[in-house]
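Quick heads-up: it's one chain on its own, the form predicted on its own, in structure tokens.
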């Protein structure tokens, strides 16, 4: 990657001769690079014409000033931040929190946290929902609710909002209860904007042209991050730095183009399952975020020939899933490409003691030069990659020098930038999601919404 980019892309186990027929040669990549180079030029022209709006977010930073003002207004009066959203309105919030705050963040006393506890309610399971309600409802006056819905048409978020609003008003009265609501929605259109205007709710804006799965670097994801002490300026600076790298017109140097080209060539060879396997608990939910980005953007019917295309993204976790999935990955069908996420230096590391002298099955762990938990985890990643290589399974690695706002911003922007390239290679629109709509319409029908009396087809 570019010299000012901290992430490193390692593709040696894509090109290794031990892969045999599953190796990608330099000639294969060179054959597809002219097409990818043309796509990069096309995207650059479209960007100048105002398309690919997510690409401008780290530079224009729309809504960031309003986010920081809301944080200043609510931070000290809030012990619990409740985010109501689903899909792109939730996954980015969760990923930022788990990557950049401690795993036990919500359990810490206030003086040891950088902000309120965060609860992202991304489902309408009543047991899950009521467990959170029981907790935050102990003091609604110290709970802030962030409702995220660009349109206000999402049944799950709307249902949650109706319930939570009622409980706030019952507990605090209408004026005080509704003052504890911040709505993130469209600037001018949609049901939620109408409600905001009528009820005079505090609101943050989802920028025009930025779909939910691309919205983590907007107020959709930045408000909860900033409330919980995450440095959103550093996050956006990382994304801006990555923009320089993924704007390079040379696909052999451009990391987004290279990732897209590799995946496209392997899809042509029948490898349509794309496994992302972080060797870091902090990065686990970034891989979940990637799954939506990849699946909803690229799984489509091609309009020119009605072909069903698209990769199937899979999230695994190292070292956990070495004990649950690697058997399949090594001896199952040759239909997968693996992307490892590796951390070179963990925020903290733990020395493994040399216990039980003479018990080699344990003593070697503390004797090794890699005798820390971080060292063990990275050795396990190295071992898994080599074991896959021995079974002729291709993989690449993205290395984080450390997990921080800068590198997480780089990663998010990198993978968002892969999507339009892949979309053009596959011949699909990466920004729509037509297959999602029927399920929504059927939900409206069965829930008795007016205008949906007839069964949609």
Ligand code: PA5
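Everything quoted here is computed from the prediction, not taken from an experiment. Positions refer to the first chain, counted from 1.
As for the form predicted together with the named molecule, it is not shown, yet the points below apply to it.
- The partner is absent here; in the predicted bound form, the one residue of 311, 255, 318, 88 having a heavy atom within 4.5 Å of the named molecule is 88.
- A heavy atom within 4.5 Å of the named molecule in the predicted bound form is found for one listed residue only; from 384, 160, 154, 378, this is 154.
- With the partner left out here, the named molecule still marks one of 271-279, 101-109, 171-179, 210-218 in the predicted bound form; by a 4.5 Å heavy atom cut-off that stretch is 210-218.
- Heavy atoms of residue 342 never reach within 4.5 Å of the named molecule in the predicted bound form, leaving it off the interface.
- Residue contact with the named molecule in the predicted bound form: residue 149 places a heavy atom within 4.5 Å of it.
- Though the partner is left out of this view, residue 22 does not reach within 4.5 Å of the named molecule in the predicted bound form, counting heavy atoms only.
- Residue contact check for residue 325: none of its heavy atoms lie within 4.5 Å of the named molecule in the predicted bound form.
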